[in-house]
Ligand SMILES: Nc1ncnc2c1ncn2[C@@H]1O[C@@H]2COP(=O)(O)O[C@H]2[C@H]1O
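So this first bit is one chain, no partners, the form predicted alone, shown in structure tokens.
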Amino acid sequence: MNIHALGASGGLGGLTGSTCLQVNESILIDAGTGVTQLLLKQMQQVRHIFLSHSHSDHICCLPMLLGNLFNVADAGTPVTVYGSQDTLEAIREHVFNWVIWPDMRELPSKEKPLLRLQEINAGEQIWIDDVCIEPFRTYHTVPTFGFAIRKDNQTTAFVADTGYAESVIENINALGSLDDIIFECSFPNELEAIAHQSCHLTPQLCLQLLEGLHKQPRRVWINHLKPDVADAVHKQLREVQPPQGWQVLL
């Protein structure tokens, strides 16, 4: 796969932290507790952070990560956080509000801020050097982006948090051929009602999404298992597999 999962758990108590993917030394997707896998010097190389949505398991370490990056501000190069209008509005109002955390868009000064927010839209292609990142809509309780990452002549689709919906299948199909796809699988099949209510997936719903794709990816990865039901999800994933099999990000 052309990205590295620093955190892939759907909660606390899993084998890894919550969602954080490293595209390269300067680009992250989400800033869950998985970001703590980076050493301080590695954190200080981060310049671009793409947020899938505003839920805390995907943004909880963003304020503290930025707090380690004042060397960037000294260099006059802000860290850019990318997200939908809804996601950026949420972190402006509820995180960087001088109550939960200082507004990093004003530190060390408004003239040379540490943080820059950039709104992005579904279908837009953002190029950073030789990496192309394209957001697409998923189906969740808040507006959420998945991301197609095109790098090293490979394409990976990170579907992020989602429930089952025909629109998700359509949006993934629109990306074209995929080398890798990363599905979340939060709950076991017997909790499908909760999965539908919270807009998450089960092993059976993952299989339905996969079967709806026009062209099958070479590899299928699973992440975002809720730690308290992870054993049941693992068992069900082993029992029902697509031809290429499942690979679970731990």
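Please read these numbers as outputs of a predicted model, since none were measured by experiment. A residue's number is simply how far along the shown sequence it sits, counting from 1.
Form predicted together with this ligand: not shown, discussed below.
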Can any non-hydrogen atom of R219 be found within 4.5 angstroms of this ligand in the predicted complex?
no
How about Q45: is it within 4.5 Å of this ligand in the predicted complex, going by heavy atoms?
no
How about T141 - does it come within 4.5 Å of this ligand in the predicted complex, if we only consider non-hydrogen atoms?
yes
Please check if H234 has a heavy atom lying within 4.5 Å of any heavy atom of this ligand in the predicted complex.
no
Students should find that, of N68, S198, S26, T36, the residue having a non-hydrogen atom no more than 4.5 angstroms from this ligand in the predicted complex is S198
Counting only non-hydrogen atoms, the one stretch of 28-36, 204-212, 190-198, 59-67 within 4.5 angstroms of this ligand in the predicted complex is 190-198
Can you tell me which residues in 38-56 come within 4.5 angstroms of this ligand in the predicted complex, by heavy atoms?
H55
